[in-house]
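In the block that follows, a single chain appears as structure tokens, in the form predicted on its own.
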């Protein structure tokens, strides 16, 4: 049976169309209103409140907590400062990505790792012989993401914390009108934003405090459809959509390395031994076979394809998560994994895996589109990720 999140008493009451979907064994809303347009607009113009409680959360503590994380992650955890948050993938012995998430240093010997998939057994297998405890706290901690340009103003009005000096990818412990919480300056939208972590039993109270405090700032609950568009604009990966976990892949060709996913910057080959290090060192030497890039579809080309059948151009109203072949001179050289019409950029964009020799920025390509039930090829070009890089995200 699917579970509900700690915020369910509030989210369910706000649902207009009962548009539920699955996320990590939970039911979450695709959108609260019948259309997600206003929810997306809140992310970019005001503040959106997104229930992200289904994330898997692991408390890792003990004398060897840092040592364990340094073994399983390609990031150099010995350099993680107190209250720092690090984004990172992690790999199998072949250097292929298993999952990605964030690791937060809560204390000298205490960390929290978030993940999209269950990783408890894998962590325990790598912790043999270490002085460390690993606890699945997924159900005991509720998390809500507050994203958008007015998110800081909302939190400053209700939280006892110094948010003016809270840097990007840092966290602070706070009290939100009497509710103990941890606030991290993180998110999945590419905008100014925060994630708030509280005891699951205080989740409804937190929701009410945020709604009351954010009313004057345009706070709006937002679902997965709005989040999907924002994360594509921000060039952020989604597991089992933009890459297949090495633990789920049926064949080697389905797997990807950090270098192939544009995450080579997270791999610190010079640090102590970690899982996948040897394979990743070899790949860096020879160069990755694939690159993860943005695709910008040429509007006039798309318009012409529809004009040929007597129709106006049709753009997706929601983000898609399917495979769309990418061609160069009639030969397939890659495939897009997710895409959308960007309301802010006014562009049809997608993220794609491309063979390295065709991944140079500006390379002309064609992306397969379906026009009136027939497969066509729209002109496009390879673009840099992220598509949208807002200064206020880090300011």
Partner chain sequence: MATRSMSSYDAIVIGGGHNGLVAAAYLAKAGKRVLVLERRHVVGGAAVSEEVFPGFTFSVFSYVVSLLRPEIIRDLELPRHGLQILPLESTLTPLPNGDYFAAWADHDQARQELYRHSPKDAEAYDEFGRLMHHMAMAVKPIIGMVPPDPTSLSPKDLLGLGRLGRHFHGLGDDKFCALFKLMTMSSADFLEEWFECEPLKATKSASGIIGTFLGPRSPGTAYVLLHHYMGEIDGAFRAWGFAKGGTGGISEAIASAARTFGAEIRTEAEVSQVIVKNGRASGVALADGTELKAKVVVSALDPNLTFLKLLDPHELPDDLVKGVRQFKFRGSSGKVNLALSELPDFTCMPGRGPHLRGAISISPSIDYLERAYDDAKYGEFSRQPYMDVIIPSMIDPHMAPPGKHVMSCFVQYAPYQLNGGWNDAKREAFGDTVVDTLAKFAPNLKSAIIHRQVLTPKDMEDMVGLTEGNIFQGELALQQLFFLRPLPQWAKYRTPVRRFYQCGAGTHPGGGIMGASGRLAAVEILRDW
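Positions refer to the first chain, counted from 1. These figures come from a predicted structure and were not determined experimentally.
A second form of this protein, the form predicted in complex with the partner chain, is not displayed here; the remarks below concern that form.
Inset, instruction - Could you confirm whether residue 136 comes within 4.5 Å of the partner chain in the model of the complex, counting heavy atoms only? - result: Because a heavy atom of residue 136 falls inside 4.5 Å of the partner chain in the model of the complex, the answer is yes.
Inset, instruction - Spell out, yes or no, whether the shortest heavy atom distance between residue 25 and the partner chain in the model of the complex is within 4.5 Å. - result: Answer yes; at least one heavy atom of residue 25 falls within 4.5 Å of the partner chain in the model of the complex.
Inset, instruction - Please check if residue 120 has a heavy atom lying within 4.5 Å of any heavy atom of the partner chain in the model of the complex. - result: Although the partner chain is absent here, residue 120 would touch it in the model of the complex, with heavy atoms inside 4.5 Å.
Inset, instruction - Report yes if any heavy atom of residue 314 sits within 4.5 Å of a heavy atom of the partner chain in the model of the complex; otherwise report no. - result: No - in the model of the complex, heavy atoms of residue 314 and the partner chain never come within 4.5 Å of each other.
Legend entry - Heavy atom within 4.5 Å of the partner chain in the model of the complex - residue from 167, 248, 321, 173: Selected option: 248.
Inset, instruction - Identify which of 358, 341, 327, 58 has a heavy atom within 4.5 Å of the partner chain in the model of the complex; exactly one of them does. - result: Looking at 358, 341, 327, 58 one by one, just 58 meets the 4.5 Å heavy-atom criterion.
Inset, instruction - Could you tell me which stretch in 233-241, 275-283, 76-84, 248-256 has residues with non-hydrogen atoms within 4.5 Å of the partner chain in the model of the complex? - result: This holds for exactly one stretch, 248-256.
Inset, instruction - Taking only heavy atoms into account, state which residues of 197-211 are within 4.5 Å of the partner chain in the model of the complex, ordered by sequence. - result: If the 4.5 Å heavy-atom criterion is applied to the partner chain in the model of the complex, 197-211 yields nothing.
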